[in-house]
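To begin, one chain is listed below as structure tokens, in the form predicted alone.
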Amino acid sequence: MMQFLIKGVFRDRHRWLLPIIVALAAVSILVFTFSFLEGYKLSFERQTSRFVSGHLKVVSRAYAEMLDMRPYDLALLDIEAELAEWQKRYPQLSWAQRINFGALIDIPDSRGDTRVQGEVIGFAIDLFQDDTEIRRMQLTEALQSGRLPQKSGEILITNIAFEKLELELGDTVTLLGSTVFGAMTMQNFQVSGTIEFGTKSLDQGAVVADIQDIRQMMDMPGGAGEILAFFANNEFQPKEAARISKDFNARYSDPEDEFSPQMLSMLEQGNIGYLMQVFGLGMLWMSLGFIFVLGIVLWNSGLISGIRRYGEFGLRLAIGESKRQVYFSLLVEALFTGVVGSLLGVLLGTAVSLYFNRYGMDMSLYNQSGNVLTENMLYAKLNPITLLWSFIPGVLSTLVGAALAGAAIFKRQTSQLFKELET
């Protein structure tokens, strides 16, 4: 019986052509869209972890309560001994000490008086011990002019701020801020180069300095506002991160001491966890939306095809088939065309996604006008879940369309179908 139905489908192109084309187009679009979103999500995770959250972050409990404000006056001080212990206990993590700060940047004129001032955000990282942080923050790729700092007292500044403040390479600037004890502090730096991260929120005005210089400026020897931890493969692992943070807090965090360390997973910081949920729900709702829309399209095509086949239905009823059997055969035909169309769509969508997985998409123009931390080159990411989430809607939409169109068989009288057989 199955072989008979399949032959019947392919001998009449009106039965298979439109459903297969619609399923192919829809599924290929879904595969590419989902792979694009997955790539966008991974890019967001990488950039957010590099600049903001790490895969895990250790801060003081008081700092954690005001995490978005980054209050470095609540930093962890003299933390080297504790950090060495953490590195031994969690060898699967790579650790990085950082200080995020805000400051005024003062530009003097030829007489040493203030010519112009501006506000900047600062990243204090380890620039000289090894190049791990330089590679992690992609400073070499972000460098627009000049060179990376090679000695104490040199900083990088974003290209937009560099031009706005009318600076030249080698100029001396003064950073004005406050120490961890609230006293005013200032220190001179020399601009060694300009950078561009490709994200508006960072490129408006940011400086990168060595952490030892900023510790001296802010009177926090051996201190760090935040200690970030990264998995060895540089890919965020939610379950492992949750396990490690729970174990760390049970061992080292004291709820009664506001300056005891507290570890936060990336998903526990700000609205990052919410955004990750939005990505997942977006894929679900997109699949349901495609099933609904394609079901309507295929319903209409099924109705048109069904009108042509009323004579066939009458004949089949005349030789003893029931309406249920006729209806079931329509669903089997729809299942077969849906599977074929969806498989072809998966192949086409995979080919397009693999192209963008290799060559990427230039998102630099979009990033300049947005505040979401993503990389300038975005690569599509294919995985089995993406293919499954694309294949199932293609098959279901074809079945839904056939089920809705085939319901007309039960609404027509058997005698009317016999009459249409005669004509």
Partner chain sequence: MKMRYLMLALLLSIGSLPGQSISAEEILNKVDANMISKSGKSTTRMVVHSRRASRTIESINYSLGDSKFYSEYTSPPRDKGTKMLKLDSDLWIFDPNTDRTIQISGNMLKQSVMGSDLSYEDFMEEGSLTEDYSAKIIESITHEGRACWVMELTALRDDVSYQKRRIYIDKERFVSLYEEWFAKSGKLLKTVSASEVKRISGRWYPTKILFKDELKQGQGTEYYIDSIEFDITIPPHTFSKAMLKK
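Positions refer to the first chain, counted from 1. None of these values were measured; they are calculated from a predicted model.
From this point on, the text means the form predicted together with its partner chain, which you will not see here.
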Can you check 143 to 151, 346 to 354, 213 to 221, 93 to 101 and let me know which stretch has heavy atoms within 4.5 Å of its partner chain in the model of the complex? 213 to 221
Can you tell me if Asp113 lies within 4.5 angstroms of its partner chain in the model of the complex, counting non-hydrogen atoms only? yes
Contact between Asp73 and its partner chain in the model of the complex at 4.5 Å, heavy atoms? yes
Closest heavy atom of Trp285 to its partner chain in the model of the complex, within 4.5 Å or not? no
Using the partner position in the model of the complex, report whether Glu321 sits within 4.5 Å of its partner chain, counting heavy atoms only. no
Of the residues Ser329, Gln204, Thr132, Thr174, which one places a heavy atom within 4.5 Å of its partner chain in the model of the complex? Thr174
Would you mind picking the one in Glu196, Glu240, Glu258, Glu268 that has a heavy atom within 4.5 Å of its partner chain in the model of the complex? Glu258
Within 4.5 Å of its partner chain in the model of the complex, which residues of 182 to 207 have a heavy atom? Give them in sequence order, or say none. Gly182, Ala183, Met184, Thr185, Met186, Gln187, Asn188
